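Okay, so here's just one chain, in structure tokens, the form predicted alone.
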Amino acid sequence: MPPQERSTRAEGVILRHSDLGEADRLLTIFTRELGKVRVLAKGVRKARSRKAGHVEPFTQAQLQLAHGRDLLILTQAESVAGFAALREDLVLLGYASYVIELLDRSTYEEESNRALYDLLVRTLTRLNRGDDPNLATRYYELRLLDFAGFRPQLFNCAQCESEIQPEDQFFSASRGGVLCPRCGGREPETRPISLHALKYLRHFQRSSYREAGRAAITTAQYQEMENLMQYYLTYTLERGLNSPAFLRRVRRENGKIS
């Protein structure tokens, strides 16, 4: 292999890690250049390791990676953003864990997606600086669904294609969007969606983050949107996520919405 191909420089966010042997760790990293990759960090668990603090979960780092026989091997790491506030608040940790897990479950290894990487970094930045976590995560979900090819249909009935009218509707995960009252009443396993929740989801889907943040959304409306997104994401991912249960528990303990 030519020398220039034996080493790669990349920027990435550490999604998770697992211990390997006595001193190593196996990292899962979502990078700007390579997409999601698994990386062996040799000796990173040793007390004197200089790389340990730069490869903790949620950390954005510049990485030097060598091409091993089966895995990329971490040779250098330098933090770009540590997102310290996410580790200091259990509720924020819950939201950040959800953001990370959702991306991890929605992507395959070595499938580069620069737009998705930028969305991840922007969302962690928003949570870290104190933005409303409900706003940041709902906006993130809809953008991630766009990038993953599962954009929900919110403006026309997903069954008969008629234009959605300003009234309460139904939502079908299997149909991939909103159903009008006539079609929704015939379809099994649909969920009701209120006029206001649908209005805000549509607003988020077609607006910039700044524009989405101008909407005056109540706690109950955010809760309805969250439940609906969990229903749809569970269907599209074909499995439930672990982090929502943790997030619900810490919010209850901290007097937030449950």
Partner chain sequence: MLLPAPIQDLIDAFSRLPGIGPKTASRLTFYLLRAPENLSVDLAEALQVLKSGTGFCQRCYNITAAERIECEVCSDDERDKSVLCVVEEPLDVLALERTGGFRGRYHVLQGALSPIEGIGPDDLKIRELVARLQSEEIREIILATNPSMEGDATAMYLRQQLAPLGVRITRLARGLPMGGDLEYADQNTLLRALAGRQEMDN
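Nothing here was measured: the structure is a model prediction, and the numbers come from that model. Residue numbers count along the first chain shown, from 1.
What comes next is about the form predicted in complex with the partner chain, which does not appear here.
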Classify residue 47 as contacting or not contacting the partner chain in the predicted bound form by the rule of any non-hydrogen atom within 4.5 angstroms, answering yes or no. yes
Can any non-hydrogen atom of residue 56 be found within 4.5 angstroms of the partner chain in the predicted bound form? yes
Contact label in the predicted bound form: residue 151 to the partner chain, heavy atom within 4.5 Å: no
Could you confirm whether residue 97 comes within 4.5 Å of the partner chain in the predicted bound form, counting heavy atoms only? yes
With the partner chain left out of view, choose which of 168, 89, 146, 131 has a non-hydrogen atom within 4.5 angstroms of it in the predicted bound form. 89
With the partner chain left out of view, choose which of 73, 121, 80, 135 has a non-hydrogen atom within 4.5 angstroms of it in the predicted bound form. 80
In the predicted bound form, does each of 174, 187 and 226 have a heavy atom within 4.5 Å of the partner chain? no
Option from 89-97, 158-166, 179-187, 112-120 whose residues, in the predicted bound form, bring a heavy atom within 4.5 Å of the partner chain: 89-97
Contacts from 216-242 to the partner chain in the predicted bound form (any heavy atom within 4.5 Å), listed N to C, are 242
